[in-house]
Every structure is written in structure tokens, then in C-alpha cells.
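We begin with a single chain expressed as C-alpha cells, specifically the form predicted on its own.
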């Protein structure tokens, strides 16, 4: 597995991944727009044949980062894909001297919470009724670098 910057040839697979993982998925058009967004730092985990295993979307704003999504195809889960994507985020944060990176996660998503905590993220708070389909609170997590 290799983690590479998102490119146009990844968009179709990432859009399918979004459909498989989220109740309000990003469209292929929205993902493609990120290719031209100077704040976007999107990374894709690919196998030896270049097939998309997962991806992570991230926006670098000032001295902070915000993770928009982390997703891994079900067949590639529990193989370190998401951990590799989060490690890339940490490398980026350290290299660019960010203060912190934040993200939201459904409070019921125990597997994702364990992943984030294992990657050095700490819970900073809750955003009530943040998610739709179904309505649920979001736990706010941050990884601090300074």
C-alpha cells in the first residue's frame, strides 16, 4: 500500500467509496473540485496495482487542519489503511507546523473513535445533533502538534 496525493483518476473510485460509507456522500463533482482547491490536502491509499483502498480529505487553513472525511473500502478494512492515512496527516501537520488538526465523528462510531484516539487525537467536545440521516451528535477530536 502507498499513500499518494489524490488525482483525477481516483475520483470515480472515491465517489463510489463515499456512496458505500456515508449517508450524505460527496459527489464526484465535489471531489473533483478539491483538486483545484488550494486549501485541500487529499490523500489516497492505493494497492500495488493502483486500486483505491481508502482516502482522507483534509483542509489546511492558517495554522490548523480540518479532516473532512476518512473512508476505507470494507474489503480493505483492518489492514492499516486508515492508520496510514492518519499518519500522513500527522506528517503533514508536523512538516507544516500546524497547531492542530480537528475532525468530527459520530458518537456511536466506536471503531473510528478508537482509531483516532490511537493516532493521538483527543476529544475536545461535542456538537449536538450535527449529523443527519440519522440525527446524531458529533464528538470533536483534535491532534495537537505544538
Ligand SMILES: CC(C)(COP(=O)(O)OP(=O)(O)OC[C@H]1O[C@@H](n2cnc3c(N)ncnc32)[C@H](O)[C@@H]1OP(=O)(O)O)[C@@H](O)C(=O)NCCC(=O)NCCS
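Bear in mind that the values here come from a model prediction, so they are computed numbers and not experimental data. Numbering follows the first chain given and starts at 1.
The next section is about a form of this same protein that is not shown, the form predicted together with the ligand.
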Report whether all of 71, 77 and 112 sit within 4.5 Å of the ligand in the model of the complex, measuring from non-hydrogen atoms.
yes
| 4.5 Å heavy atom contact, residue 34 to the ligand in the model of the complex | no
Q. Quick one: is residue 21 in contact with the ligand in the model of the complex, heavy atoms, 4.5 Å cut-off?
A. yes
- Message: I'd like to check something about residue 81: if you look in the model of the complex, is any of its heavy atoms closer than or equal to 4.5 Å to a heavy atom of the ligand?
- Response: yes
Requested in this report: Classify residue 44 as contacting or not contacting the ligand in the model of the complex by the rule of any non-hydrogen atom within 4.5 angstroms, answering yes or no.
Outcome: no
Note: the ligand not shown here; in the model of the complex, the stretch from 23-31, 58-66, 100-108, 36-44 having heavy atoms within 4.5 Å of it is 100-108
